[in-house]
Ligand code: ATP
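Next up: just one chain, as structure tokens, the form predicted on its own.
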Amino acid sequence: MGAVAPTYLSFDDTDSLDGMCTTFLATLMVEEFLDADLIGFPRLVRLNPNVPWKTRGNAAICLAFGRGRGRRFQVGEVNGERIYSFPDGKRTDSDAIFLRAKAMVQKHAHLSCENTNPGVVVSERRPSPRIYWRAVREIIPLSLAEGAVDAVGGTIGKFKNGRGVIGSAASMAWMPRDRTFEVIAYRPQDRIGKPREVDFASVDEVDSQYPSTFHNLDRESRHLAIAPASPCPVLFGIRGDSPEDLIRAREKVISEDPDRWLLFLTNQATDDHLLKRQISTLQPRQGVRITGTVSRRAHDIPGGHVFFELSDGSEKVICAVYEPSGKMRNAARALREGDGVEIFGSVREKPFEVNVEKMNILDCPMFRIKTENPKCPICGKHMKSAGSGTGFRCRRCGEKAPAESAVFAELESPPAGWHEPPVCSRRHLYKPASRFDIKRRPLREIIYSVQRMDSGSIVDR
């Protein structure tokens, strides 16, 4: 941010299915570097959700440190001590940042896990944004990420095969076109692995009181989407478009006492992983957005999964709406040949198909079927067809009737517009339909607003 550049630190791939969390390591890093100033919001960047070796949410972290300039603002709290950040800052000693950060990863990452391969990147310049867009939409080689870091004079630290360098480089390179925020509260060490205590009713109230938040809970299934099920350090995370609302909302959630919290700038709920594609160009493990017409109606298979065929005029592909998609399957079942649909989803390799994340039904032509031949107005008997397109004729008295005199019934069609799965089935990058028309505030304006929330402790530099 601004003309003065800080020192950037990124890291990725430090957790495992058994615990740890890369966002939690961000709070430990902030603790480690209390002798430097945090610059801007900590960044939580999700990458391609179709990567086969991801542990959980495929998240990388980028922090910026330096000598802060401007009015500080609160972005967290650790062990009862407030964590502040500054809008701008001068760079600090990059070599020292790198050595200390690498030691922190060595100490806290789950290195015993086969799929945990951390990477650390420190740089005074950001890599090209192109590396972010490729990493969020494709599976890219490690050499490509290393080349992007080398091009800006950055320093790389690798553990094991070092695959985490890809996420580290991509998170540092991210220049938001769209962005959201998340405030994450963490558990004390002695509570990790035990059942979480988060009150459903208080989260329900937060969801109603702060419409700028999203993906908080699923009322129908009473699923708390803000609380993970894994044995990681996260207690809960609230996502939204207003960091001011998130700071207030966090205090209203009734739960076990958190040990710390941190406010992140994120690419979550942006659909950054989706590429607009023709069916002929689809590649496995891509996130895609395709438009076409239904060429074969939906059918169910055991397990409640629904499949239909989509055509864009030259090619066809099977679209799969799986059982966790809930009521969105009903919309898929109601689709008829010729209905226009925009599909958002991910391409599966075997079998080759598009797993539907959400769909926008664009056009549903009237579809009707004949249910009854007309009755003869003279003798009251059902008339018979007189031949294709020629109408009807009564076999008893010879009376004739036009083809449109038959009785027709309109078949049920899904309503045009958005059809989405329940909150519990949405990925981190999933953009809810409610966000498509959101007006993005300038980041400077947001920072100023957060500064005013904490005006009693403002420090100018």
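Numbering starts at 1 and runs along the sequence shown. Values in this document were obtained by computation on a predicted structure and should not be read as measured data.
Just so you know, the form predicted in complex with this ligand exists too; it's not on screen, but the next bit is about it.
Contact annotation: of the candidates 432, 414, 422, 57, the single residue with a non-hydrogen atom within 4.5 angstroms of this ligand in the predicted complex is 57. The three marked residues, 12, 51 and 140, each reach this ligand in the predicted complex, with a heavy atom inside 4.5 Å. Picking from 41-49, 402-410, 389-397, 432-440 the stretch near this ligand in the predicted complex, with a 4.5 Å limit on heavy atoms, gives 41-49. For the chain shown alone, residue 358 is not a contact residue for this ligand in the predicted complex, no non-hydrogen atom being within 4.5 angstroms. The shortest heavy atom separation between residue 226 and this ligand in the predicted complex exceeds 4.5 Å.
Residue contact with this ligand in the predicted complex: residue 184 places no heavy atom within 4.5 Å of it.
A residue is said to contact a partner when one of its heavy atoms sits within 4.5 Å of a partner heavy atom; residue 120 fails this definition for this ligand in the predicted complex, lying far away.
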